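The data below hold one chain only, encoded as structure tokens and taken in the form predicted on its own.
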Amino acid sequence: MRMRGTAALAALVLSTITAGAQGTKPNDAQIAHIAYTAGQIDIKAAELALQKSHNKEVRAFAEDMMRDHKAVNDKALALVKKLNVTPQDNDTSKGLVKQADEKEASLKKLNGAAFDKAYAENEVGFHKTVNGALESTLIPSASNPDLKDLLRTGLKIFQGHEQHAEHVVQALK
């Protein structure tokens, strides 16, 4: 179940890449919305982990996710305000929300070590997918230099999250 959810999430984020290959790369307003949505999804997942988990490492990881994603999203909101750009909802961000809601529903059914393992594994897959989309589509497609810089900064942070999530998965074995 969790691998299927991660694969579906990967397909949704990679739909952005497919659109780019067909010459309809996302514009800056869409990119801003996709990036913000991905951050919100991870904040919501971290909130769930803090409600359900009693594992010290899982809770510390979730606290890091909340802090870092809120900080990046705050910077994104300040940037779109400065640029007078309205983030534009799109099929990719809508798909991300739909998949995240489904994943949240499945995580809510789990408790204890099963929840911790599923949450950590989902975080690895989520960050791999988002990092791949940032590298291959979102950063290259961004035309505004400030947005591009913010996405690059986010990528560095989120690559660290991916490594941290992999460490948590290993610690739970």
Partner chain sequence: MRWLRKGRPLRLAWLLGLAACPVSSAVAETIQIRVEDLGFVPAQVSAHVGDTVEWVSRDFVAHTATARDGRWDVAIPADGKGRITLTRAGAVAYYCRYHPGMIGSISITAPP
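Since the model is a prediction, treat every value here as computed from it, not as a measurement. Numbering follows the first chain given and starts at 1.
Not on display, but discussed next: the form predicted in complex with its partner chain.
Proximity to its partner chain in the model of the complex, defined as a heavy atom within 4.5 Å, holds among 68, 28, 104, 57 only for 68. With respect to its partner chain in the model of the complex, the three residues 64, 153 and 157 uniformly fall within 4.5 angstroms at the level of their nearest heavy atom.
Interface membership of residue 72, defined by any non-hydrogen atom within 4.5 Å of its partner chain in the model of the complex, is confirmed.
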